[in-house]
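Listed next as structure tokens is one chain, alone, in the form predicted on its own.
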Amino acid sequence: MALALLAVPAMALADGEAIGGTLIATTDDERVPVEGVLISVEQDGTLVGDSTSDAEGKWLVPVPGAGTYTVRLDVSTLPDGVGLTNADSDVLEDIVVQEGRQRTVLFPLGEGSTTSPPPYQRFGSLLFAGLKLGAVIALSAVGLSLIYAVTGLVNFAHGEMVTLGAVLTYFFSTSVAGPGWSLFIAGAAAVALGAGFGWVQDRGLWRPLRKRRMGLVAMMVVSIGLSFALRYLILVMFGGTRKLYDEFTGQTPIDFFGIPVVPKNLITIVVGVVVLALVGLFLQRTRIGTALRAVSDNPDLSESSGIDVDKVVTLTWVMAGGLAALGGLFFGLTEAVQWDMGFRLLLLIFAAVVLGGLGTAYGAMLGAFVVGIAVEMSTLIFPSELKSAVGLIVLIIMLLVRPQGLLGTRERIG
């Protein structure tokens, strides 16, 4: 016997924008509406309104306009025998309401009390969240690390390459101006275009600057300017509100060895690990991968050995663009698509690259999962608002102990 909360389309009880839903307790024998549950809606910390579910379990809160809201369920008003399957799911953040639309939200309820879940379940949920975040960071960080390895450039515009993958996927799959493809096809097209954008960057900007023998510091400043230009171009074209893909939103958690896991998070982890493994095989088992590693070790010696260094550098930019776009796709799938999402992730990407060891693809992979798990697991002790700072503190402590990073090599000075 189990209880569940089902969300059905919000009732057309109010004109304009609103957030609502229907609470239904489902057992093996019958479906009973959950009455008397208090739900409130906030925006930027200010209460917008609240509603109590009626005899049919329906509730609706009108909101002042399109935007992003936080929805809270008051667990103290839940009836006996009904509780949240995850104690942290009483607050739903970043709920996007579009202009003229009513948004339906889902709270995961199950049979039981409103007390906190067992410690192992809380630990397991955060571990999965950390692995999910680590997979997203790793996909994004590998390309940045490879670019540094073969060119010495710290590319501050890499975050916008991540954003581009998510925005293109949204356009192809969900936007009314797009073709309306499935998320799988839209994601493949976004990754291909992200790889193409990497090629365009190298051939149109970075290769000419290298030919002019521009210094790495000056090129880094150029990347900062490119980052600002791309970010605000995306803002103008995409808009400032957060958006969600039509597919795979509002999924009900599944039981994974006693731990509730959202299926799309599990898919993100599995696909991320598989793609990273394929990248590792490419670097180790192919001639081009061997050439890339040779160029990263010593470009001059590689060129004298007959390796086309320019070709290898261009390939690296193509790989970086495709992997960043894939990371952005999954970041948008598990969070939301927004114009500055890559910039917000960039600090954790840099942390993963430095923690793993500058210029090492495997170090970036390992560092990403360490940062992701540390960030999410820190909420066991610290408030969630501090979790990104905890990831950076881990980085500082590690570099004090091992300055070259987890998989980096110690360099001679002098």
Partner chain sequence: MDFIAVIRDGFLAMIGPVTAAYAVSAVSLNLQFGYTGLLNFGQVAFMMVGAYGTAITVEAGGSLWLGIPVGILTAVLLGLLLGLPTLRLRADYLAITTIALAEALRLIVRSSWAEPLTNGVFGIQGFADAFFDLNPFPGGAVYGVGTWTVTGRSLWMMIVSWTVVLLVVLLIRRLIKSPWGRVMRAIREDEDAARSLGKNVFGYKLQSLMIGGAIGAVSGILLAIEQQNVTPDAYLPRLTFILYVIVILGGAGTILGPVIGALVFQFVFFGFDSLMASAQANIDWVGDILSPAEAGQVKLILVGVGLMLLMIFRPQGMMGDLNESLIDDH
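Residue numbers count along the first chain shown, from 1. It should be emphasised that the depicted structure is a prediction, and the values quoted were computed from it without experimental measurement.
The form predicted together with the partner chain is left out here; the points below concern that form.
- None of F172, F197, F343, F107 but one reaches within 4.5 angstroms of the partner chain in the model of the complex through a heavy atom, and that residue is F343.
- The partner is absent here; in the model of the complex, the one residue of A229, I267, L127, V96 having a heavy atom within 4.5 Å of the partner chain is A229.
- In the model of the complex, the partner chain sits within 4.5 Å of a heavy atom of V217.
- The partner chain in the model of the complex comes within 4.5 Å of a heavy atom belonging to L47.
- The shortest heavy atom separation between M377 and the partner chain in the model of the complex exceeds 4.5 Å.
- Of the heavy atoms in V394, none are within 4.5 Å of the partner chain in the model of the complex.
- The putative spot formed by P64, V222 and A389 is fully lined by the partner chain in the model of the complex; each residue has a non-hydrogen atom within 4.5 angstroms of it.
- Stretch-level contact analysis of 230-238, 304-312, 175-183, 289-297 against the partner chain in the model of the complex, using heavy atoms and a 4.5 Å limit, identifies 230-238.
- If you take 146-161 and check each residue for a heavy atom within 4.5 Å of the partner chain in the model of the complex, you get Y148, G152, V154, F156, in sequence order.
- Between the C-alpha atoms of G67 and V176, a gap widened by no less than 3 Å is obtained in the model of the complex, as opposed to the form on display.
- Compared with the form shown, the P64-T174 C-alpha separation increases in the model of the complex, the change being 3 Å or greater.
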